[in-house]
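First comes one chain, alone, set out as structure tokens in the form predicted alone.
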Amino acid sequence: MSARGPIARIRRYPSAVAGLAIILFLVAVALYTVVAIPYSQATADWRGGEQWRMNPANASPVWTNRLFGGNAPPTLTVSSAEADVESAGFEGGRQMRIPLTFDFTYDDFPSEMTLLLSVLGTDRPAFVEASWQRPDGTDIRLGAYRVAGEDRIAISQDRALEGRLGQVPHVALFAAEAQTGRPEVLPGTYRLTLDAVLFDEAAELQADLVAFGRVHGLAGTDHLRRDLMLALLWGTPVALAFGILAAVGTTVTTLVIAAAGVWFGGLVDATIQRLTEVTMILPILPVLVMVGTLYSTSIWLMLGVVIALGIFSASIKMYRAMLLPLRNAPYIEAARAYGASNMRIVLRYMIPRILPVLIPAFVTLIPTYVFLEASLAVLGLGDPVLPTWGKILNDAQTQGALFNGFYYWVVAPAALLMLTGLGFALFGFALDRIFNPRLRSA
């Protein structure tokens, strides 16, 4: 077969082209991720919480609006820096009126409402009174607050306000009047007016009203407000690295050991076969669960255990059957005649003869280990540091995502896992037809 033969044969199989395209796409995503989001930044962001505080919790992806024909609100932030602030001084202090005005024309209510207040230029606390004006002219007093430094007022969790309004504030403040059944949004222009008294002439008050939305980003958010796109992106290089390293480690070592057993025979071969038979009866997943429970859930430790358990696997017997006819082949006898060493015969003359047949098996083995890593994470034995597809599924299971209707939380990582398996399977099966003489078409 010429050098261009395999490439030409691959192009003859649409499934091989599709599988290769999927694999190249995943590799491109993995390379982009490790360059655009360094490992240290990804792990710190995933474990941290402050950088996610402006994200809504359990928000669907923004594309669900178009997909399902809805008009769910995104997160809206209204800042005093863009408002027409009125200020008047008095002896020893000043008064401020900050109108935070915005249009709300969506079909659903915000998921939360929060008021962020900051008093600058003084150590003395300020007193702020907030009132809410609706498009129908209704004026609702929200409450008075004592603000020192920076303060975060969770309007949605104000139980006193909820008692006065009869339902959670972020629904009641936007709901149309005189409704029966499910509340509906009253569209129009809303205004939150803040009347503040500051006891320092040089003091300033900054305010931000945040109406958290129902949709966010391309992948949505979880219960900790984390953008799931980070875990979906970083799960790609982690899954590919784990799958490829495990497949390479187990395949290469198993092949070398099988070839050494065939060549040396006798006690060496018998020992290898007995170790293989013992290892074959060990269930790999329970062993990994035991290691993760009793020792560590580090992904690198799990990778080492997977490779260690996969060295003396059932593949050794298959490789041995393929290599036995080669032991007495004429070219092996010729190599022995000119004085080739045992290592050279094993590595240069025996193993390369069966590599073409093993390449498809190697390719299809990669998604097996990708699914194994995800399975460990789903069982709660994933690496506690890395954001991975399995960790997303584990969090979704823990938080009852499907029960609460957060389908995106499960569908996205599951789709990526299935896409990975599909890509390697299509490409591997096509390679099997190309390299396997028994399946090769004329």
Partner chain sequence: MDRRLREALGFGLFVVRRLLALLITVMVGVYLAIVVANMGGQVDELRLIQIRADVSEAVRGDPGVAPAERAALIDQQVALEVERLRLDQPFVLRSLDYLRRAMLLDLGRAEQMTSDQGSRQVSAIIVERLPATLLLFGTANVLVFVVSVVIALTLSRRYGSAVDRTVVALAPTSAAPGWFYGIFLILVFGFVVPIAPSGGMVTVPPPENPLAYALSVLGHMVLPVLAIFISSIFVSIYSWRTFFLIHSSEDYVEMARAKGLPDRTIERRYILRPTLPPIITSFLLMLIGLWSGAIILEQVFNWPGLGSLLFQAIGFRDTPVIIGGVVIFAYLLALTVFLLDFLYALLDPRVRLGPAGGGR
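Numbering follows the first chain given and starts at 1. Values in this document were obtained by computation on a predicted structure and should not be read as measured data.
Omitted from view is the form predicted in complex with its partner chain, to which the following refers.
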| property | result |
| --- | --- |
| Candidate stretches 241 to 249, 346 to 354, 156 to 164, 292 to 300, one within 4.5 Å of its partner chain in the predicted bound form by heavy atom | 292 to 300 |
| Non-hydrogen atom contact residue 433 with its partner chain in the predicted bound form at 4.5 angstroms | yes |
| 4.5 Å heavy atom contact, residue 378 to its partner chain in the predicted bound form | yes |
| Touches its partner chain in the predicted bound form: residue 277 (any heavy atom, 4.5 Å) | yes |
| Proximity of residue 57 to its partner chain in the predicted bound form, heavy atoms at 4.5 Å | no |
| Residue (of 89, 283, 121, 325) lying close to its partner chain in the predicted bound form, criterion heavy atoms within 4.5 Å | 283 |
| One residue of 63, 39, 52, 407 in contact with its partner chain, assessed in the predicted bound form (non-hydrogen atom, 4.5 angstroms) | 407 |
| Candidate spot 397, 421 and 425, all three touching its partner chain in the predicted bound form (heavy atom, 4.5 Å) | yes |
| Its partner chain in the predicted bound form - contacting residues of 389 to 411, heavy atom within 4.5 Å | 393, 397, 402, 403, 407, 410, 411 |
